[in-house]
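As a starting point, one isolated chain is supplied in structure tokens, in the form predicted alone.
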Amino acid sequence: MRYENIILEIINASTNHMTAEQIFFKLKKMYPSVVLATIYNNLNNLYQQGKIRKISLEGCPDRYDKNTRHDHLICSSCGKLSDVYLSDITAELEKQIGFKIDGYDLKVQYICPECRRAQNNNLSKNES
């Protein structure tokens, strides 16, 4: 596909977990005639080829990420998505389930420091 390699470069160069729309706006600056359907088609192809990761969260648009070994922290309050590099647990998972796995996608839910501070500030105000 014409835009596939450029989209892959955008994702691999990003420090964020971009949505299709964010990729579209970035690519549109270089190629004004590109349409959003082209972005979705290329993202689906890249995902099916295993060149990128798709992160799906309920109530949020899919986000796309480079295909390197890492996991994700997701704030249950604001939805912030962050990379986290944990030890690979493939061998432990295979031992527990009794067969070989191709991989896993670990998403750890937590409350980020900013939201925790905001919650604590709200509690302090309510106690006053």
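Just so it is clear, the model here is predicted, and its values are computed rather than measured. Residue indices: 1-based, along the sequence shown.
Missing here is the form predicted together with the DNA; even so, the following discussion is about that form.
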With the partner omitted here, the residue among Asn67, Ser77, Thr90, Thr38 that in the predicted complex has a heavy atom within 4.5 Å of the DNA is Thr38
Note: the DNA not shown here; in the predicted complex, the stretch from 99-107, 80-88, 67-75, 26-34 having heavy atoms within 4.5 Å of it is 26-34
Query raised in the report: Is Gly50 a contact residue for the DNA in the predicted complex, using a 4.5 Å heavy atom cut-off?
Result: no
Contact check, 2-19 vs the DNA in the predicted complex, heavy atom within 4.5 Å, ordered by sequence, gives Arg2, Tyr3
